[in-house]
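In structure tokens, the next block holds one chain alone, the form predicted alone.
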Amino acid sequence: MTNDREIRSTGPLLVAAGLVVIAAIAKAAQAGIIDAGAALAFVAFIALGEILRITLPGGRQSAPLAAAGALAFALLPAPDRINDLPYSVALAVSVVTVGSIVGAFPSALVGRGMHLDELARRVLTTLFAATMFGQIYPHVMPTGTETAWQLALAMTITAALAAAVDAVLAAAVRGTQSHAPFRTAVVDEFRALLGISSAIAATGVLIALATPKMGLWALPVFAVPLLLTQFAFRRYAAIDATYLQTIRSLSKVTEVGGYTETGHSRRVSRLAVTIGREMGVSERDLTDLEYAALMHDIGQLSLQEPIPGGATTMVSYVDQRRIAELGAEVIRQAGVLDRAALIVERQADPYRPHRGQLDGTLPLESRIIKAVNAYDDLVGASLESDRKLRAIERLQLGIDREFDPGVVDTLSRIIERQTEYAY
């Protein structure tokens, strides 16, 4: 299933990038390289940046130094942008491609893959940036007397547009792979632009501006701030991962105490996040959903006697509500998980409240956990397809009152896909 999805999402991107690379290398080879030393320096710089790639929160892979080097080479102001724009673009694409592939080899040799989708996006973004800047550059120097601020402005505009193009391409890939709505994927990617992408764009522009004056010394000088920023993001990602691992460990307390079945919270969490992503929940809210799903049963620790099998859906609404409220109160004690606490607190509430039950806007995340928790109570760790389908049918009987029809419908599609690819 995952391989088919990856092929559908990255196939057209890889084909487009491949055709661009072939054409670029042919053009650059035909014309020859004017400054081989500079080209090789940027190849090495991009390769090093690719080797030093990091994993950002949300699972994004990024090679900030390589991306900055690619952007800088695409923006280098030179006379050949006026005399022979196709050659200038071809050389930029060729250098970026060679540097990216050289830097990706060590990762491929140790079995981590080459991140082909990101490499393809880098090629297409370089093509766009070099072409766009080649069109803008003559207009900022009509008489050959352009000012530094005009050149910087042209580079900044080009860098911003290139970042936007890369975000749209990334959203298309991630949306296809995760079945997330394209609009939500685009919003998430543009939010990410405020982070590491802004540092990448700034570094690329600074290197491009400084290289004609400083020569190749501009590469190490302006790489240092980005490396420090990259280190900070790496630390943040490590802290975020540790935080999530701590919550996962805490969620097992109910299993150790015999209040829930082994693996229940992890199964609910994984399925809830999958449903949330497919229903358009943003990455920011998906984090709260994951935390809430992992800890949705923590209120059971207040019970004197465990519920058989930990199946809270089998007890009365009053008991379900009490477990949810106690669990939310425990989570609030952390002081930083108020949103997750609210989701847990409302997880027992029906989609359409009965008389005397709590009314008001019910968070989508709470509706998702309610349905997924009921589903896992019925299925557990079983891999039997018939049992899964019967559980879905049980949930569909309750969509008039208990469960959100949209959530159940999304859950049904996900289970059907899993069942289909299991054979």
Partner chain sequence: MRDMSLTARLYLTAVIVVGAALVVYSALQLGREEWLAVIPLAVLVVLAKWFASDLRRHVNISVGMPVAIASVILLGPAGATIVMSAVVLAPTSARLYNRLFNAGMFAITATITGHVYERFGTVLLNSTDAVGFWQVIFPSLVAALVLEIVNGLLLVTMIALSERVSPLRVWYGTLAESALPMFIYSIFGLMLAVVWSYAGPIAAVLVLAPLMVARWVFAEFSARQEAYEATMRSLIKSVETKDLYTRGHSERVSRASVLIGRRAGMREDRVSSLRYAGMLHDVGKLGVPTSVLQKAGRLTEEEFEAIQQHTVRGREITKDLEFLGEAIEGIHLHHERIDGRGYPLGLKGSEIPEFARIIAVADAFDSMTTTRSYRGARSVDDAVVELRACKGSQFDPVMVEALVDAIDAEGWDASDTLPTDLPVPLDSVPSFASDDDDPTAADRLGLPSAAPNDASELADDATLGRSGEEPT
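Residue numbers count along the first chain shown, from 1. No experiment lies behind these values; they were computed from the predicted model shown.
Quick note: we don't show the form predicted in complex with its partner chain, though the next part is all about it.
Using a 4.5 angstroms limit between non-hydrogen atoms, residue 333 touches its partner chain in the predicted bound form.
Within 4.5 Å of any heavy atom of its partner chain in the predicted bound form lies no heavy atom of residue 105. Put simply, residue 233 is close to its partner chain in the predicted bound form: some heavy atom of it is within 4.5 Å. Although the partner is absent from this view, residue 203 contacts its partner chain in the predicted bound form, with a non-hydrogen atom inside 4.5 angstroms.
For a residue to qualify, one of its non-hydrogen atoms must sit within 4.5 Å of its partner chain in the predicted bound form; all three of 195, 249 and 259 qualify. The chain is drawn here without its partner chain; in the predicted bound form, the stretch among 163 to 171, 116 to 124, 181 to 189, 336 to 344 whose residues come within 4.5 Å of it by any heavy atom is 336 to 344. Contact residues in stretch 200 to 225 (any heavy atom within 4.5 Å of its partner chain, taken in the predicted bound form) are 202, 203, 205, 206, 209, 213, 214, 217, 221, 222, 224, 225.
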